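What follows is one chain in structure tokens, specifically the form predicted on its own.
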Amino acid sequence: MHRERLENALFRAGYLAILTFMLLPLAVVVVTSFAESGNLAFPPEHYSLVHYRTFVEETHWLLAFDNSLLVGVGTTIIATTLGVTAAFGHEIDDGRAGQVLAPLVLIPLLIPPIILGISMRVYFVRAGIGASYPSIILAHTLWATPLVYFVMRSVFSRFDWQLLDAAKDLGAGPIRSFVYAVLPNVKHGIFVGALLAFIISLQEFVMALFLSSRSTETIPVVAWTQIRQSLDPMVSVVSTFLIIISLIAIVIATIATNLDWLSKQLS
């Protein structure tokens, strides 16, 4: 009994130590964003919100922020639609096509992003949509769709497919069957997959670097350009905003997937 408690305590201590080690760089980023000086140093000698005020007044950073949100939303919509429909189709017809689909979906994740970026740059230029929003959204969709697909495969594996059969037996068509029988039971999984696609798009850098122009640069691209010139606390400010957005997304996903638990706690 004592040995089991000791093992549990050591496991939790090790887990907490690893988690702390992984979160420390994020804490450094947040702290350096409040530095008063124009140099990136930790710990800062003096603290100030001057760089946050500069960020609000800097049109180039605000444009990059808007671009990241636009690309993220576009990627989320397309990747979620493709990932959900592909996973649903695989579950409905798990034949030879379905057996081939899963390995094919993995291919974009196995190819180095720099190769994808160069290849898609050449392809999109020939297609007439070189450095544009659609090209970045399509590139990010190529990465986000497999993740949504595998999330939904896991969700659909726990779905009771007799509900879909019952809906069809009652005369519902394919769309009505999905909306009324399937969607209410997998909506939390779809929401988590969509948030995952958004976060992937928000932080992706390499392909966005090859496919963006000055008017379509996302935050990671602008941050990389800024770092090449100087170590400016402005990069920490923007990174802090990205961290906050990611944390909000995680909290929303947690609440959305545990609504029953949350309602019990609030009642």
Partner chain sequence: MSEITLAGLEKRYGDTLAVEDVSVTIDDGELLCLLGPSGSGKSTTLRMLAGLETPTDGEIRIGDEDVTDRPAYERTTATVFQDWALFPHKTVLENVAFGLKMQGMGKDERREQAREMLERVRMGEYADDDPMNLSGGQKQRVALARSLAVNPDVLLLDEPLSNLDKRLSEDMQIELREIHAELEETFVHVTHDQDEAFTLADRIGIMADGTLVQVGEPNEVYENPKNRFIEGFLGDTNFVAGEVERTTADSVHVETELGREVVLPRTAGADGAAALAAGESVALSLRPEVLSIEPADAATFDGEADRTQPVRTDGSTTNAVVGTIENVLYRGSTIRYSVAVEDTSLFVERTVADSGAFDAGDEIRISWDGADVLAFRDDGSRVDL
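Numbering follows the first chain given and starts at 1. All figures in this text were calculated on a predicted structure; none of them were measured in a lab.
The protein also exists as the form predicted together with its partner chain; that form is not presented, and the subsequent description refers to it.
A.B. asks: Spell it out for me: taking its partner chain in the predicted complex, does every residue among P103, R153 and S157 have a heavy atom no farther than 4.5 Å from it?
C.D. replies: Per the other structure, none of P103, R153 and S157 touch its partner chain.
A.B. asks: Looking in the predicted complex, any heavy atom of Q162 within 4.5 Å of its partner chain?
C.D. replies: Q162 belongs to the contact set for its partner chain.
A.B. asks: Does any heavy atom of L170 come within 4.5 Å of a heavy atom of its partner chain in the predicted complex?
C.D. replies: Contact with its partner chain, yes.
A.B. asks: Please determine whether A127 contacts its partner chain in the predicted complex, using a 4.5 Å cut-off between heavy atoms.
C.D. replies: No, A127 stays farther than 4.5 Å from its partner chain in the predicted complex.
A.B. asks: Could you tell me if Y123 has a non-hydrogen atom within 4.5 Å of its partner chain in the predicted complex?
C.D. replies: Y123: no contact with its partner chain in the predicted complex.
A.B. asks: With the partner removed from view, which of 183-191, 76-84, 139-147, 106-114 is the stretch that lies within 4.5 Å of its partner chain in the predicted complex, judged by heavy atom distances?
C.D. replies: Contact criterion met by 183-191 only.
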